[in-house]
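Only one chain is given next, in structure tokens, and it is the form predicted on its own.
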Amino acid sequence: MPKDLYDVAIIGCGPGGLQAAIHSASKKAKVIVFGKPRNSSLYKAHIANFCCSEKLISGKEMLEAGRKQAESFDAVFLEEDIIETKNENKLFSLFTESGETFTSRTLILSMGVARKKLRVKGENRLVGRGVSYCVDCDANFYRGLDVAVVGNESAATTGAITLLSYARTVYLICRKLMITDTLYKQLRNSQVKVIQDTWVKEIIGTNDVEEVLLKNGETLKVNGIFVELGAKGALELAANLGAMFDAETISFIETNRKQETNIPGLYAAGDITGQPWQIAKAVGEGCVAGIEATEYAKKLAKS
């Protein structure tokens, strides 16, 4: 067994992930939580109509309070993105942007599904025709072609490096890279062409993506552009593990009433399990996921 083996690993530090951490850690499970609070959709929001809270409170305050609660039960928090997941020998391996690897008996995915868009001319019209929001899903369609990735953080950087195995030329468009030193060294030693201090102004193409116009006036002739803003999304990480998605939209992870997925030991809670996108739902599902994952981990430890 790995030296530092956790009972429950949680990706996502929003309300669902925090509630899962509180319930797991309070039951004496060894818990680690990954994610950056500022990436939570709740961080800049204000909360009303939430049970037992009469006054308007900020999302930042709620997240900070939840973290303190979980830490009071010895849950560990690491403000890093997970860039890859694996499931081998009944254990989950999680690889961080700084190059560290963590292992856990169970894994709870709770980091939302909202796709951040560029909101530029041509983007909506060319979605599925060269505009993509998932490198892991669509990289294979660009073998031998020229592509661009836009984003400042780990998702864009790892996506660009991944695309080198498929595309002929890979551009990374960013205002300013906000990544770890380890990831920066990987990027620097790769063949990715980094274009900094600018952003996408327009995506151009008649039927498919043909060019990307940048705010610095430069034009890139590409066959596709991947919009990867922030951390690697839940769907990409879940797909690597073989999780089942809803049949109708392929947008949400399917779970049962115990928040179990089709993969033993893998749970999901919050927005990634579908609507309604409400804090109350995320907290409730996080509670169930935390309890169930802890019980599963304890049984696995005894086997």
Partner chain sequence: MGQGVLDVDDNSFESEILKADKPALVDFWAPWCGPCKAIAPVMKELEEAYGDSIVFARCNVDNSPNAPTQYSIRAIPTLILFQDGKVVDQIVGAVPKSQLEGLVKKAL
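Since this is a predicted model, take the numbers as computed values, not measurements. Numbering follows the first chain given and starts at 1. Each form is matched to the other, and the largest set of C-alpha atoms that superpose within 1.5 Å is called the rigid core.
Absent from the display: the form predicted in complex with the partner chain. The rest refers to it.
Visitor: With the partner chain left out here, work out from 267-275, 60-68, 24-32, 234-242 which stretch has heavy atoms within 4.5 Å of it in the predicted bound form.
Guide: Of the options, only 234-242 has residues within 4.5 Å of the partner.
Visitor: For this chain shown on its own, do Asp138, Tyr142 and Ala247 all sit within 4.5 Å of the partner chain in the predicted bound form, going by heavy atoms?
Guide: All three within 4.5 Å in the predicted bound form.
Visitor: Would you kindly say which of Glu218, Asp74, Glu211, Asp208 lies with a heavy atom within 4.5 Å of the partner chain in the predicted bound form?
Guide: None of the others qualify; the residue that does is Asp208.
Visitor: With the partner chain left out of view, which of Lys86, Lys116, Arg168, Arg129 would have a heavy atom within 4.5 Å of it in the predicted bound form?
Guide: It is Arg129.
Visitor: Though only this chain appears here, would Asn152 touch the partner chain in the predicted bound form if you measure heavy atom gaps against 4.5 Å?
Guide: No.
Visitor: Check Thr162 for me: does it contact the partner chain in the predicted bound form (non-hydrogen atoms, 4.5 angstroms)?
Guide: No, Thr162 stays farther than 4.5 Å from the partner chain in the predicted bound form.
Visitor: Given that the partner chain is not shown alongside this chain, does Gln186 nevertheless sit within 4.5 Å of it in the predicted bound form, heavy atom to heavy atom?
Guide: It does not: once the partner chain is placed as it appears in the predicted bound form, Gln186 has no heavy atom within 4.5 Å of it.
Visitor: Does at least one non-hydrogen atom of Asn223 fall within 4.5 angstroms of the partner chain in the predicted bound form?
Guide: Asn223: yes, in contact with the partner chain in the predicted bound form.
Visitor: Is it true that Val222 shifts between the shown form and the other one by 2 Å or more at the Cα, once the core is aligned?
Guide: Moves: yes, 2 Å or greater.
Visitor: After a rigid core superposition, would you say the CA of Asn89 moves by 2 angstroms or more between the shown form and the other one, or not?
Guide: No; Asn89 is a residue whose C-alpha shifts by less than 2 Å between the shown form and the other one when the cores are overlaid.
Visitor: Take the rigid core as the frame of reference and indicate whether the C-alpha of Cys134 shifts by 2 Å or more between the shown form and the other one.
Guide: Where the cores coincide, Cys134 still shows a C-alpha shift between the shown form and the other one that is 2 Å or more.
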